[in-house]
Structures are given as C-alpha cells and as structure tokens.
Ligand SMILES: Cc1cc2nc3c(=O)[nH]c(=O)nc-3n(C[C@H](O)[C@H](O)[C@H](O)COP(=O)(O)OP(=O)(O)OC[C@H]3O[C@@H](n4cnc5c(N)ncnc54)[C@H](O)[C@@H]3O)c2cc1C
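Here's a solo chain for you in structure tokens, the form predicted on its own.
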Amino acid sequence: MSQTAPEIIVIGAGVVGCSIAFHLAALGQPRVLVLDRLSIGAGTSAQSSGILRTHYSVPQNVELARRSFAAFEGFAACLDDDEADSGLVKCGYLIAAPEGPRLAPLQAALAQQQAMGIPLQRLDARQAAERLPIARFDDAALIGFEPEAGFADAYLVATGFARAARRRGVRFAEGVAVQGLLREGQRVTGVQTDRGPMSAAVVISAQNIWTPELAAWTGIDMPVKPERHRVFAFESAAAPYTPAMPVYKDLGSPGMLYCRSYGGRQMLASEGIAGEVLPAPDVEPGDIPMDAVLEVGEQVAGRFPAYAEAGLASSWTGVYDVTPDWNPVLGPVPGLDGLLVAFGFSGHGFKLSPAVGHLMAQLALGLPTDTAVEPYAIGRFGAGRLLTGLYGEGAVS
C-alpha cells in the first residue's frame, strides 16, 4: 500500500486493536493505520492468562465468546495464513459451585448456555474427578463442563492478526504515542501524535487501560479504571496439572479461583475478583507480597490437596481495564462523529477479541452487525442499564 492517508486510524495494537485492523482489511478496507505507544501485543495482551470459555451469565458475552472460539479453533483458516497459530489447547472448562449464593447464578448461566446451543455437560463428582483427578469435588452441588473450551496464547493471536492485516495492506506504527484528537466541530478527523498530526475519516480507540486519556481529550466521561491482578504458577511433583486436564473455575473458593495447566507440570492460578485499583495506567510488573502468595496458595491447597506442599515457580501481575459493570464499552460516542471505542473488557478482552474485532469493523464501515451492539453502548451507565452479570463484581460476568 502506498503511504497515502489512512481512511481509519486504530489506537492500540493489543489483541483487540489488531483484530479490528485485520477485520477491517478482510471486509475490504485496507487503508488502516494502527498506532501504539509500545509495540504489537506488548501491553496488557502480553499479561493474559489466555483462558477461553463461553461460560458467561450475560447472554451477549456468550454469543461473542462463541463466535470468537470458532476463530481461535480455525485460526489459520480465519486469517488465510497456514502459519497462523492461536496456541489453542482444547482441554475443556469445568466450573463448580457448592451450596450457597453462587449456586443459583451457576444454574441460570448453565441453563442459558444450553438454551443458546452451547455444548455443555452437567457432571457428578465422580465424572468431574475423572477429568481433573488432582482436584476434590466433595462439596460441589453443581458442576458444569464445557468441552469446547480451553486456553490459548494472546501474544500469538495478536501478532497473528497483525501479520495477516499487514499482508492485506494495513500499516502499523509502533512506538508512536497519541496525544489528542483532531476535530472539526463535533467530528473527529484524526489524531495528534508525538510525530505530528495524522488525519483519518474514522478513529477507533482500543486504548484499554489508557482510555482515561481519551476521556480527557473528549471531555466525555468514560468510566474505566486500571486494576492490577496477580497470577501465580505453582508446581507439585506429586500432582502435575497436565494440558489434558480442563481449566477449572472454583466458585466455592473465596477468590473464585481459576486454574489451568501451565508449563509442563505447573498450575497457573489467579483470583476472579476485584484487584488493586491503580492511580494511573501502568503495565510494569507490580510487587506481590508473601501474604498474597499464602492467601492464594491456601485456596489452591483447599481444592487440590497435593498442592499443600507445592512450590511457587513464578508469579506476575496483569492489569484489567474495568468498567462499573465489568463489561466492555463498544461502539460510537454520542456527540462525536467519526469516533468509535472498544474499552473496558475487564478481563474478557482476549476471549472476545475475534468477534469484537469483526463487530467494530462492521460498525466502522457502516455495515449491519452480526451481534447487537446496543447493550454495550457507553450511554448505559448514565441510563442505569448496567450489563451486570449474575455473579456480581468480578471477571466471571
């Protein structure tokens, strides 16, 4: 592609921004420029735990997750690139709840998945233990198993989308910081960067935890906060968590733990509740005190007895862009023509990225959308129409 002015500028080269860029080109608009202050997939995408599921209590999320999983499963065909690989490990997803406040939400969410045609099984404790023999299920009142689930590699997916987009003519400019919007009245006409102004007919913000900058540029409230979450890799010589074992969501633990196989014999574990709110966006590694290791380690040992003496192999932090209802904002910004936003994924960004990229590309090109965008509109907060999941605050949604 010649270095002509782009028709569309995408701010952010994380997995969502790269997906948007690819889908724009795939739908016939290759005159796209993607800008990122860092590099492709180097922000919060690189910190993702990579878990893929369609289990949500919000039906719109179920639909986006179903469409996305099909793309992860057939990633090479989706990108028309024989070398593309999402790193998918299709091991299934187990979720269990004991008697108590999380049982009814799980019942409702499983029933909704089944009504939407998602392949789903309800297991007893013996059947669950056959799939995940290192865990105990004696307290489980309800267990769901989604065989068409697992985990994948967010960095591979982001760079795969970027490579496929480049092959179709999309340009990427890494290490370029956007500093503001160009406007003519109520219409956005481009962006101001540290390399100078850049014009475009449409600007799509996929700024993730940096969305408060966009709010400052526009003067429009965009309710999102950066939250740091801790991730741990435990290793037990007695009970390796093999890649054939399913991802596990433990609604019976205080932190609503999620766990999966990681790095051979290791288990990746983290909590699915609110994290540490940061005063400003920051993707640098945060400190993890020993108290946090012990707190999560105790929960892991309570569900996986052989991990009572497990060692901590590694730990790191990741940052979510969290909205008041823990669900994303997608679509136009009222009062500003030529601007679309995709932010506030609250831990769902990677899982939903293929379908969100397609949806945002359709919106940018004025095409009918495959998925309803109205529930994700920014106006829902002011109107009191929050998209809150049955599980309440946290990344289950």
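In case it trips you up, residue 1 is the first one in the sequence shown, and so on. Just so we're clear, the structure is a prediction, and the values are computed from it rather than from any experiment.
Heads up, the form predicted together with the ligand isn't pictured, but that's what we're talking about next.
The candidate spot formed by 267, 296 and 307 lies out of contact with the ligand in the predicted bound form, as no residue has a heavy atom within 4.5 Å of it. Contact annotation: residue 35 falls within 4.5 Å of the ligand in the predicted bound form, judged by heavy atom distances. Heavy atoms of residue 55 never reach within 4.5 Å of the ligand in the predicted bound form, leaving it off the interface. Using a 4.5 angstroms threshold between heavy atoms, residue 21 stays clear of the ligand in the predicted bound form.
Taking non-hydrogen atoms only, residue 177 approaches the ligand to within 4.5 angstroms in the predicted bound form. Heavy atoms within 4.5 Å of the ligand in the predicted bound form are found in exactly one of 129 to 137, 94 to 102, 298 to 306, 313 to 321, that being 313 to 321. Between the options 29, 48, 68, 61, the residue in contact with the ligand in the predicted bound form by a heavy atom within 4.5 angstroms is 48.
Proximity to the ligand in the predicted bound form, defined as a heavy atom within 4.5 Å, singles out one entry of 213, 235, 73, 85, which is 213.
Counting a residue when any of its non-hydrogen atoms is within 4.5 Å of the ligand in the predicted bound form, the hits in 192 to 217 run 206, 207, 208, 210, 213, 217.
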